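Shown below, as structure tokens, is a lone chain in the form predicted on its own; questions about how it binds or moves come after it.
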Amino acid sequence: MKTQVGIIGGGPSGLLLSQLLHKQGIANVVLEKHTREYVLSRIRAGVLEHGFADLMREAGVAERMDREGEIHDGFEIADGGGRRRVDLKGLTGGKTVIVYGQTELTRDLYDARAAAGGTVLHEVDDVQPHDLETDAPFITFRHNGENQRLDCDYVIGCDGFHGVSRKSIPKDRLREFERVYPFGWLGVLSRTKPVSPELIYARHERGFALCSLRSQVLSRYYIQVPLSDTVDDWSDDAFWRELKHRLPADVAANLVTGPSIEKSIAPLRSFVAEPMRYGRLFLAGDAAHIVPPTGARGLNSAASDIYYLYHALVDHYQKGDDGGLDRYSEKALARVWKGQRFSWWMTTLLHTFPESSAFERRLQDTDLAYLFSSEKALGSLAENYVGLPF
């Protein structure tokens, strides 16, 4: 089998790149370890920044997103029993975010690739890139019980933190940066009316909480929990009781509860691998970096990588210009680290750290008070939340 671009990973990053390249006449093949149903069962982030939404439109897969997605002009931060609003649209000159579940976004991309006759191979095992520092890289894998080989010009690693792509880079050529936070997010998805039309980030001495949504009939809520907790430790009733404790009284009084249709605990981690290129291998998304979900940067940072890769590959194939490929790692990492800084700052501002001293807790109070006393500070938050320019 031969193609121009071999993409390892059939999640939203790999599928979006595949769709964008296809529209420019660049042949590609996507290799995915799991079934389509498994990929679509993963409940992940749903806040899309301004630039990501535009990229979906450029890929020709935004019709349902634009029809069903929730456009949000702002969000609220709750603290000390009160709430204050961050006016994203007003602070950024009209930019907004779209709340649209990753599952739905991924389904749209799958449907588009199928309609275009794109090659997306599922249940692919033993994937291994080879000859990455030559002009003729290839990928070996097993599919339907047979050993196969995919020859390509470039290999794109969109296979996540635990995938093979980053592990294919020699350790002496890779530098990794990591911070593991001492807590996780317990998330519950319920078929209930959201408590608020906009997201509410809640800071509380018992721990952080977030009121989010997927639609007007599907709500997503989170509470900060110790890393030692498991899903079995939290019944639905216990979750709802604790969430109400952490919300302002007026919000808690309006909270509609119901059976969870999905419940999971996600540990919080900051991670970056440098560089994001090794020979003809390019890393994108979670294969190269992970952020805490507090600032809604995870999926959006991945889309940023795809933006740079897409344009670099188009320049290579259509103009013979390799400048974008040569500068990919540098450009992508510059934006990645800004996303890391913002996510770290939001996490530090809003969470209760078990080891925090009284001094550090006072600094948190002061940081939050300063944020709402300064138009410029709020503007910086809003600018980062809706997405920095590519």
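Small disclaimer: the values here were computed from a predicted structure and weren't measured. In case it trips you up, residue 1 is the first one in the sequence shown, and so on.
Below: the form predicted in complex with a small molecule, not depicted.
- The stretch in contact with the small molecule in the predicted bound form, judged by heavy atoms within 4.5 Å, is 156-164, chosen from 87-95, 316-324, 249-257, 156-164.
- Contact between residue 207 and the small molecule in the predicted bound form is not found at the 4.5 Å heavy atom cutoff.
- Within this chain, residue 18 is remote from the site of the small molecule in the predicted bound form, having no heavy atom within 4.5 Å.
- Taking the partner from elsewhere, residue 33 is found to have a heavy atom lying within 4.5 Å of the small molecule in the predicted bound form.
- The closest heavy atom approach of residue 42 to the small molecule in the predicted bound form falls within 4.5 Å.
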